[in-house]
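In structure tokens, one chain follows: the form predicted alone.
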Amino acid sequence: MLKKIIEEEHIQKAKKYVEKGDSFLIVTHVAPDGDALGSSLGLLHFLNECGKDKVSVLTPNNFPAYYKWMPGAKDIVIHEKYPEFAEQLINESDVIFCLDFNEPHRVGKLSETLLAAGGRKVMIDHHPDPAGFCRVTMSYPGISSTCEMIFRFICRMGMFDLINKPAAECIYTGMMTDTGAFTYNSNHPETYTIIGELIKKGIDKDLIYRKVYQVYSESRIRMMGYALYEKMKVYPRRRTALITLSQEELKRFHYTTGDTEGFVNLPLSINGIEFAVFIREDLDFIKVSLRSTGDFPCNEFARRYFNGGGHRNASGGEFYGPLPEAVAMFEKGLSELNPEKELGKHV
């Protein structure tokens, strides 16, 4: 049996919304990843099994092609493509589930419309310091993924039997991707209890792994090689490595959404590297991804220097300015907050 980590009051209130609601909208963050999509689609299939036929999933922008196999993905409404319809859904939905984000700004241009909407809002998330913009907030940073929170939420409502195979496939996908295929933030026995229950629902976890991690384009693989050979800078005394890619370099390798996902993890394979950062130039800003091992708080690094946050070992942020200035900010931060100093505290 799983521990009851969500307050009963929140479970019962959200359950009433599920039972009495007529139209539902599920919203997730900008640049949706596997956990954002998995939790959203998993909840979609569950609500459909509850007999709810007016359920939509909304993302601010597009998502990687290797997630488009997921059941229900083809029907996701993308705000960038259909802005008027997306805002209509927000304004007309009885219940709005906000998944895998803790601050309104994480939905980008949708934030003002979302905040103004009259529908009952429910946050289900696992990031620290949730903002209080929802009627019900179920957030627990100690959990590996929002998908795991969705599973627990459904079970706590006494509706485990309504998790069908499509829902289970989506939930597993998010759990897998938000832990790097269970290589970080996943050292808890209950995570594997949940996986066992999802397998009983009929999922093929090996096939899901192949669909997500073994369907990359030739250009992505070549870009990965270029990033490692030409663009990775190692700071051995700091136990740190940095990879940067400019817009020009992305275009050279025919970049499409999601092609650089996972690049930030690559330097952690180097013996002695405990902090890895990937800085990518987008059209309007600089995207910063951070990963660490052990006790180094990369979320604190993201918060201090890149207006970001996340988990201790996996976080992200943004920088508004030229790429060289973003690198300079990173190096400034590295001189002030770095694995060498952090580990020295415990010697």
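Numbers follow the displayed sequence, beginning with 1. Since the structure is predicted, the reported quantities are computational estimates derived from the model, not experimental observations.
What comes next is about the form predicted together with a small molecule, which is not displayed.
* To do: For the three residues Lys13, Ser40 and Val136, verify that every one has a non-hydrogen atom within 4.5 Å of the small molecule in the predicted bound form; reply yes or no.
  => So, no: the whole triplet misses the small molecule.
* Out of the stretches listed (105-113, 244-252, 159-167, 210-218), which one is close to the small molecule in the predicted bound form, meaning heavy atoms within 4.5 Å? -> Every other range fails; the passing one is 105-113.
* Flag Ala314 as yes or no: does it have a non-hydrogen atom within 4.5 angstroms of any non-hydrogen atom of the small molecule in the predicted bound form? => It does: once the small molecule is placed as it appears in the predicted bound form, Ala314 has a heavy atom within 4.5 Å of it.
* Give a yes/no on whether Arg304 approaches the small molecule to within 4.5 Å in the predicted bound form, heavy atoms considered. => Arg304 lies outside the contact set for the small molecule.
* Asked: Is His127 close enough to the small molecule in the predicted bound form to count, meaning some heavy atom within 4.5 Å?
  -> Residue-level check for His127: yes, a contact with the small molecule.
* State yes or no: in the predicted bound form, is some non-hydrogen atom of Glu49 no more than 4.5 angstroms from a non-hydrogen atom of the small molecule? => Taking the distances in the predicted bound form, the answer for Glu49 is no, it never comes within 4.5 Å of the small molecule.
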